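Take a look at this one chain, the form predicted alone, written out in structure tokens.
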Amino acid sequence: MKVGLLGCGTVGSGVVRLLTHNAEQLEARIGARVEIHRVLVRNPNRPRPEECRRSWITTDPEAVLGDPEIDLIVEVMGGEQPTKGYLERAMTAGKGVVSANKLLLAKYGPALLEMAARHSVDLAFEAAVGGGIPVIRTLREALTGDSVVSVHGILNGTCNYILTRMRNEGASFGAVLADAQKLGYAEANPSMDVDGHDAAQKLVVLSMLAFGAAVDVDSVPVEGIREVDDVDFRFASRFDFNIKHLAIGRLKGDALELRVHPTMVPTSSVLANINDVLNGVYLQGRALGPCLLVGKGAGELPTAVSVVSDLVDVARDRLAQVSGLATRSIHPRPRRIVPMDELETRYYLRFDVADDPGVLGHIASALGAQGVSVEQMVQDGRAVTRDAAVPILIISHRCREGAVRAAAQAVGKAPFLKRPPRYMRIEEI
């Protein structure tokens, strides 16, 4: 089985290492030897692992995509274009494809799956979500006899690392982000991670398998972690919660709840203590019940493990002349996403106010006017100076987000408010 590798950066280097060092083991499992035949790169002079032979390297896409000897294409180069065209050409030529490209799968997954089925080839993408965690395989194979009710995921290691440090050390978002960048956990431009878009793309990919859903990634409500601060962690602890950045999917009849945002979860939750750069996915099956998968969500070798695992499956199917069977079983169809105003859950609300008489009554009245019932309310101390803000923290009973939003907007117009109101959803998992 001859492989064309598109990209040889961090993950591609890991793939080369695993295929080289585990060659005998892989041959025994597949029934044929796997050989890297060509490696497409942008910069041929970039340092690469010693296992990557110079004779494999090319900057010419035609040397890979137009080579009839190549059986399988492994794509770890990332990006949207020209990558999408490369994969389409490979599938049209009857070559099996393994991809780690969450962006492509999130934006064009249903169309790419349809093309793969039309040409009777496999399109495998375990590494697109969760790095080395076998969540795609679990949804595609292990839960075939069940239906998934909900998915809750910590899908971005950068966010999880930052929130873990903020909780444990009382540090600010900016300080921890700077450390994460120095350690290589965050990019120089971290917006894809900390603003939630990376997790949203992964949630859309999971939704194709968990719910058979074809949705526009741009229609998924997304919030990042920039506005979370030490006061929120202090009061989360007081109410026996932790704060995690969650990607959430849940069946609602023929519609779906899909959302990505900072979330308060009980400290007893299985996701509350998944810390640092680890990822975790909590699946709820109608028959199976709960299932938790935890592991490294990024990195050279963890992600490469998932890529090579897919390669083994695709190679086996090709050798057995049953290519495309796994791909043809995935049939995403359009689903309506429930608007956030229709969401019903409990809420944490924070109002930073002047320490004046009547403030509590004004806030309670605004909440009551929208039907938001208060479960707990705490005012944290007294203002030291006239201009200082005093935080008022509220935990609501279950209510509609539209009502919470309307109440927060009403309070936001009050002269006693020092900063815009904040609220955070609570998930009982």
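Numbers for residues come from their place in the sequence shown, where the first is 1. Given the structure is predicted, the values throughout are model-derived calculations rather than measurements.
The same protein has a further form, the form predicted together with another copy of the chain, not shown here; the description that follows concerns it.
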With another copy of the chain left out of view, choose which of 31, 402, 61, 371 has a non-hydrogen atom within 4.5 angstroms of it in the predicted bound form.
-> 31
Select from the listed residues 262, 295, 332, 78 the one whose heavy atoms reach within 4.5 Å of another copy of the chain in the predicted bound form.
-> 295
Are all three residues 165, 237 and 421 in contact with another copy of the chain in the predicted bound form, where contact means a non-hydrogen atom within 4.5 Å?
-> no
Just one of 130-138, 188-196, 109-117, 86-94 has residues with a heavy atom within 4.5 Å of another copy of the chain in the predicted bound form, so point it out.
-> 130-138
Is there a non-hydrogen atom of residue 270 within 4.5 angstroms of a non-hydrogen atom of another copy of the chain in the predicted bound form?
-> yes
Using the partner position in the predicted bound form, report whether residue 159 sits within 4.5 Å of another copy of the chain, counting heavy atoms only.
-> no
Report whether the minimum heavy atom distance between residue 242 and another copy of the chain in the predicted bound form is within 4.5 Å.
-> no
Just to confirm, residue 342 within 4.5 Å of another copy of the chain in the predicted bound form by heavy atoms?
-> no
Judged by heavy atom distances of 4.5 Å or less, which residues of 309-334 approach another copy of the chain in the predicted bound form?
-> 309, 312, 313, 316, 317, 320, 322, 325, 326, 329
